[in-house]
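Encoded as structure tokens, the following chain is the form predicted on its own, with no partner shown.
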């Protein structure tokens, strides 16, 4: 009974840190890039939407500045709870470094498995290769890596996972189209990911049905209702390496509120499909991000 309260205390602590940073920056902007050009924080720590990394780099640092973000995310699904806490740094709008911990609370399966949660640490690197999301003819393009390490491997090994560590590589392109739909700006993103992660890595890497990297397509589309509100949809294709249970693609419908350059609030309805044999894992997602 202690562990759930400890997780809640850690989450509250991070919220306090985000609020304190926001207040400390009250007289200073967190960077000089334009409004909302840092996206929000994904469930793996990279700048993007909720599920898909974009070519954008976190925060608002320009090519002469540095900055970053702190983020707390949580998705309440039917039989699981997916959480993430993390930090990112942006150096001169060229390099993004991120680190965080992702957890999957086994709300339904915990008692049977004798384990309350699955955890993994994720370390990310993203490099802006070329272009500009606002003014580049072909948008902005970035190359990224996400190195993932399972904190517990007994459950992934039991269901057939081959490895407790893995590294995803992705190429992302993002472009903002001005006044493209009903005179409103539209953001489009496409990401190609090389991966052999099971359920994003929470169930290990590789399996009895495959242990090779596969190319997975991911995409996001959003419309700015005004400068403070962004609504959209995301899709993320997934590999299927474990024979004990089919793995489904992910998608979400999201709404981002940007009341200030220092704060972003993301709410979403997510569908993560079947997880570990439990079907139709859907629910509400909420993420808070503070920029500095």
Partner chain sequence: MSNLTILERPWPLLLLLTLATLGCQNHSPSPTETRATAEQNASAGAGLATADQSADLYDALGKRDGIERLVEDLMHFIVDDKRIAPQFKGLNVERFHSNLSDQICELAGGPCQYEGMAMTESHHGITETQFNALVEDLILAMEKNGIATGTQNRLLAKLAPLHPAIVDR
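What you are looking at is a predicted structure, and each value in this text was computed from that prediction instead of being measured. Positions refer to the first chain, counted from 1.
The same protein also has a form predicted in complex with its partner chain, omitted here; what follows describes it.
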In terms of non-hydrogen atoms within 4.5 angstroms, which of the given stretches 146 to 154, 71 to 79, 195 to 203, 214 to 222 touches its partner chain in the model of the complex? 214 to 222
Does the 4.5 Å heavy atom contact test between residue 233 and its partner chain in the model of the complex come out positive? yes
Can residue 257 be called a contact residue for its partner chain in the model of the complex at 4.5 Å between heavy atoms? no
In the model of the complex, does residue 175 have a heavy atom within 4.5 Å of its partner chain? yes
Just to confirm, residue 185 within 4.5 Å of its partner chain in the model of the complex by heavy atoms? yes
Since the partner isn't included here, can you check whether its partner chain sits close to all of 84, 169 and 282 in the model of the complex (heavy atom within 4.5 Å for each)? no
Between 44 to 80 and its partner chain in the model of the complex, list the residues on our side with a heavy atom within 4.5 Å. 62, 63, 64, 65
